[in-house]
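Given as structure tokens, the chain that follows is alone and in the form predicted alone.
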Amino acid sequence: MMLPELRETVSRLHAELVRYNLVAWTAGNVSGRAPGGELFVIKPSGVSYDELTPESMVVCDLDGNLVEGDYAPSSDTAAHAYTYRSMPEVNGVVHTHSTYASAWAARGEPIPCVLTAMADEFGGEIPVGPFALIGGDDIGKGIVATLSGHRSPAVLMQNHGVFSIGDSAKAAVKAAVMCEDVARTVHVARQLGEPLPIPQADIDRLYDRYQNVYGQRSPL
């Protein structure tokens, strides 16, 4: 995927954040790593979602410096850049302040794995990362420290919101969508009583099936 195509993809994926009610006003962002791994495309800072176009997306290097574009990059650019530098397998990063997941983040509480959909997508609980101020590497450091070696592609940064990662920008968006979905369902379940845990062995089987069997597979 070359830069013009990636800019189009990242621009289009921002509409998914709006579609699934994961963002308000200009908050939130999607980024995608460019071919070669040394650049990424991200949303410009403070631009309304209905004004986003492929041309308005900005290109940054892995230190977060603006390389190409007419706007200042997102205020979360440093967090995205640190994640890409530290996790070469990651090709997409998403940040949202979605309501239910951010409520769990405000409590500093992981979302327990009490749904088969969570076992499928996250392979266990959705963890909490440390509190960190916006603007420097601290959020990125928290993302990497929390998700390195963890099955979950999403982290609840304490008192802040969701950051999700994926092997593509689309995969990271999916993780953010599913994070909010299960955050809402587990919250509702708690209003009715204490949700029942899923045994770890069953979580492992569900995760393996979903990651390796579910969906359409290319023929050998």
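As the structure is a computational prediction, the values presented were derived from the model and not from experiment. In this text, residue numbers run from 1 along the sequence as written.
Keep in mind that the form predicted together with a further copy of the same chain is missing from the display, and what follows is about it.
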Quick check: do Ala117, His160 and Pro195 each get a heavy atom within 4.5 Å of a further copy of the same chain in the predicted complex? yes
Any non-hydrogen atom of Gly64 within 4.5 angstroms of a further copy of the same chain in the predicted complex: no
With the partner left out here, check for me: in the predicted complex, does some heavy atom of Arg107 sit within 4.5 Å of a further copy of the same chain? yes
So, Gly166 and a further copy of the same chain: in the predicted complex, are they within 4.5 Å at any heavy atom pair? no
Is there a heavy atom of Tyr82 no more than 4.5 Å from a heavy atom of a further copy of the same chain in the predicted complex? no
May I ask you to list the residues of 177-203 that have any heavy atom within 4.5 angstroms of a further copy of the same chain in the predicted complex, in sequence order? Val177, Met178, Asp181, Arg184, Thr185, His187, Val188, Ala189, Arg190, Gln191, Leu192, Gly193, Glu194, Pro195, Leu196, Pro197, Ile198, Asp202
